[in-house]
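Only one chain comes next, encoded as structure tokens, the form predicted alone.
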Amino acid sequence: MAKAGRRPGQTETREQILASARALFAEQGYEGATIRGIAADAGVNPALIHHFFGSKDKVFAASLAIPVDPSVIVSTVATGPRDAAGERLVRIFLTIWGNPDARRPFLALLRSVTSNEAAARMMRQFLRLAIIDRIGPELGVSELRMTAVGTQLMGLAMMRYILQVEPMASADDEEIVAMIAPVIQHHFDA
């Protein structure tokens, strides 16, 4: 076990933790990787990971360089009238993807999923962590239906932000919400 206390060089330590987290999440999956395992691989005390990141979810998001906390997505979608949950999910999705800095890591990951198994595994884990396993139980929606929600959102990301197919790529967010939110809501309500 690593010594208690901080190592010199906060930035290097944080980056070493993230490198270890990336490797372990890719190799063992979200469920298999542990804070203790990441700490051991990085040569730090597990408390230091909690100090830098706060939770396993946040280490996972940071290791992917995803600029959004999955718990924020869940609380945003689950809070409010259930019959508007689809609209809230599409709006938060467009907000995240509409920000070039926030979009960058998702673009890199999405572009990599078809040719890199580690990237595909990390995308699956993020979708499961942020959407399927969290929003589904909050709204009482089955895994299959939540997976269908994921297909809608990934398809939207692919067409709008990766392939930039017109007129989808330049459509107003409100037009996208009006088209896609009812489909997402249908999966939530069926």
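Residue positions are given as counts along the sequence shown, with the first one as 1. By rigid core we mean the largest C-alpha set that fits within 1.5 Å across both forms. What you are looking at is a predicted structure, and each value in this text was computed from that prediction instead of being measured.
Not pictured, yet referred to below: the form predicted in complex with another copy of the chain.
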* Asked: Does the 4.5 Å heavy atom contact test between Leu129 and another copy of the chain in the predicted bound form come out positive?
  -> no
* Looking at the partner-bound form in the predicted bound form, is Arg111 within 4.5 Å of another copy of the chain by any heavy atom? -> yes
* **Contact of His51 with another copy of the chain in the predicted bound form (heavy atom, 4.5 Å)** => no
* With a 4.5 Å heavy atom cut-off, would you call Ala42 a contact of another copy of the chain in the predicted bound form? -> no
* Name the stretch, out of 70-78, 113-121, 97-105, 84-92, where some heavy atom lies within 4.5 Å of another copy of the chain in the predicted bound form. => 113-121
* Answer option from Ile35, Ile66, Ile162, Leu139, heavy atom within 4.5 Å of another copy of the chain in the predicted bound form -> Ile162
* Would you say Thr114 moves its Cα by 2 Å or more between this form and the one not shown, aligning on the core? -> yes
* Compare the CA separation of Lys56 and Glu138 in the predicted bound form with the one in the displayed structure, and answer closer or farther (the difference is at least 3 Å). => farther
* Lys56 and Arg104: do their C-alpha atoms lie closer or farther in the predicted bound form than in the form you see, with a change of 3 Å or more? -> closer
